[in-house]
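Quick heads-up: it's one chain on its own, the form predicted alone, in C-alpha cells.
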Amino acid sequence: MHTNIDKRRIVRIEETISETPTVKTLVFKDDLSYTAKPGQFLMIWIPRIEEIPMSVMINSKDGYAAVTIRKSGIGSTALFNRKKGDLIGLRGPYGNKFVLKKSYQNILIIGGGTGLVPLLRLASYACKKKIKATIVLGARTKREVFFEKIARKITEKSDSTFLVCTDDGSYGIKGTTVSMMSSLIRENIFDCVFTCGPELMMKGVVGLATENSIPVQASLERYMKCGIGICGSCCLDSLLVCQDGTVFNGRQLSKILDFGISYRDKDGQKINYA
C-alpha cells in the first residue's frame, strides 16, 4: 500500500460507466483514493496528454474509487476516451474536506452536474452518522441528470431525501437549485448547507444561505497544474484552492472578491463570468 500521496501511482481502469453521452465514470483500485475524505481531489495524469484535478467518486467495492469526467477540454476528453484496461496516473488525495459537526441533525446538500461527485461521498458519511440529509441535484434538462440511482441507494435506508430539479422541467421539479433551496429553507430548519457545482450556481446558494443565517460550505473548482501550492494557477484572491480548499465556508467566501465574479484561464488571465 502506498502512503506517500505525492508519489504518482499507476492504476488500471477496471470499469467504465457511461452516465450520459458526455459524462463517464472510471473505476480503479487504489487504497488512498478509497479512503479520501468528502471534498478532497486527485491529480489524474493522462500519459503524454495532461494532468488534471478530479474529485473522488464513491465506489461500493473495498479498495476501489472512481472519478467522473465531463468531456470538454483536451485533458478531460482524453480521459473520457480511456477504456477498461488502460493505465492512468494518480497523485493525492489533496485538499481539505467538508466538515460534519457532531451537532448537525439535518443538512441540505445541493449539487449541479458533476458537482454531485464529492457531495455523494459526503451524503454517504452523513447517513452513516444518522444525520438527515436532503440532497438536491440540479440540471438543465433530463438528459443531464445522472447519479440518481446511486443517490437514491444512499438515502433509501435513512430519513434522507433525494430531489431532482431541471431548468426546463423535463424531469423532477421545474426550477433551479437556488429556487428549490429557497422553498426548502422556508419549510425546514437546516444546520448547514453543502454545495458543489458551477460557480454561479454556488454563488446563489451561498448568498441565500448567508441571507438566512445558515452555515454553508462550498467546494470550489479552479484550473490547477500542480495541486500542491507551487504553480499558483488556482488562486482565488490571495488564497489557493488546492491548499486552502477546495472547501470554503460562507465567512471565507464573503471576503473573496473573485467568487462568482471571475476565474482564470490556462494562461492565468482573469476572465469575468458572462
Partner chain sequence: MNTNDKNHNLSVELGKIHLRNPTMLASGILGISQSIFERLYHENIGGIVTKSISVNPMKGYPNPTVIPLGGGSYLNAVGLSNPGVNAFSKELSQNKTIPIIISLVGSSEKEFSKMVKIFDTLNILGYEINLSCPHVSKMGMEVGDDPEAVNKIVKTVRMNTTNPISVKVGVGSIDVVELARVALDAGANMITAINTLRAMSIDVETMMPILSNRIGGLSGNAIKPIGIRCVYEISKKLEAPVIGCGGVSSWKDVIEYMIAGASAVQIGSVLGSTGPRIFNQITKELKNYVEKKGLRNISEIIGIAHKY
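Predicted, not measured: the structure shown is a model, and the values here were computed from it. Positions refer to the first chain, counted from 1.
Below, we refer to the form predicted in complex with the partner chain, which is not included among the displayed structures.
Partner-proximal stretch of 137-145, 165-173, 180-188, 90-98 relative to the partner chain in the model of the complex, 4.5 angstroms, heavy atom: Stretch with heavy atoms near the partner: 90-98.
Candidate site 28, 72 and 198: all three near the partner chain in the model of the complex by heavy atom within 4.5 Å: The answer is no; none of 28, 72 and 198 reaches the partner chain.
Heavy atom within 4.5 Å of the partner chain in the model of the complex - the one residue of 213, 35, 60, 238 that qualifies: Of the listed residues, the single hit is 238.
4.5 angstroms heavy atom contact with the partner chain in the model of the complex for residue 269: The answer is yes: residue 269 has a heavy atom within 4.5 Å of the partner chain.
Contact of residue 51 with the partner chain in the model of the complex (heavy atom, 4.5 Å): Residue 51: yes, in contact with the partner chain in the model of the complex.
Contact label in the model of the complex: residue 64 to the partner chain, heavy atom within 4.5 Å: Residue 64: no, not in contact with the partner chain in the model of the complex.
Interface membership of residue 207, the partner chain in the model of the complex, 4.5 Å heavy atom rule: Residue 207 lies outside the contact set for the partner chain.
Stretch 227-251 - residues with a heavy atom within 4.5 Å of the partner chain in the model of the complex: 228, 229, 230, 231, 232, 235, 237, 238, 239, 240, 243, 244, in sequence order.
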